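What follows is one chain in structure tokens, specifically the form predicted alone.
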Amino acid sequence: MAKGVKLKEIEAGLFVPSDYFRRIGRREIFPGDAPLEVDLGCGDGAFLLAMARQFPERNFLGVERLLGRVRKVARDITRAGLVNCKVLRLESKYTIEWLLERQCIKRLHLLCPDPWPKARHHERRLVQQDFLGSLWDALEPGGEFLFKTDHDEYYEWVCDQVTRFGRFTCVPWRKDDFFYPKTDFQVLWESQGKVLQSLRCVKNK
């Protein structure tokens, strides 16, 4: 395949903001009024694309900072013919705190993020009080925060952070409640006998 064709495939699956220093509304990413779901740290895009295929009535934005991954995901989106899916190359925290408009996200997925296990690195963990405040602002009323990890201590950390924040209601998340594909990390870790823990939080109206 010609280099120019490959570049067009990547560009078609990308979302590039016109301005990284102002709030971006969901209609600037996708036309229409379909609900927006965000996959923070979308990795190889397997979860993102599976969700977009399963729910064509919703829009999905993947966020990933690594260039090689972003190019692959963008190419896969274009080749799959998905018009309800795009990928943004940006840091996760900045995307939620500074880029996306308030009350524009229906669901945010944070799946198998780096747990930064050493105590001296805990300040690098994404889920902190300031992040939860920005996430609460970005979610629609009744919007959801869905979190998974194989790291028990990080799971307890996130539960504690959510409890301290006090503006989400945690609800049951059973395996068969709704379609939810596995990430590449989940497949790998389950093959090693690890068990993922899940947290589902709803923004209080």
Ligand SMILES: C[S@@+](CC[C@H](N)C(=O)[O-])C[C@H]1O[C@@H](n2cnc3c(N)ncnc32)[C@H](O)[C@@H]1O
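Values in this document were obtained by computation on a predicted structure and should not be read as measured data. All residue numbers refer to positions in the sequence shown, first residue = 1.
Keep in mind that the form predicted in complex with the ligand is not shown, yet the notes after this line are about it.
Taken together, the three residues 65, 91 and 185 all lie with some non-hydrogen atom within 4.5 angstroms of the ligand in the model of the complex. In the model of the complex, the ligand sits within 4.5 Å of a heavy atom belonging to residue 114. In the model of the complex, the ligand lies farther than 4.5 Å from every heavy atom of residue 143. Of the heavy atoms in residue 53, none are within 4.5 Å of the ligand in the model of the complex. A residue is said to contact a partner when one of its heavy atoms sits within 4.5 Å of a partner heavy atom; residue 43 meets this definition for the ligand in the model of the complex. Just one listed stretch, out of 35-43, 158-166, 53-61, 133-141, contacts the ligand in the model of the complex at the 4.5 Å heavy atom level, and that stretch is 35-43.
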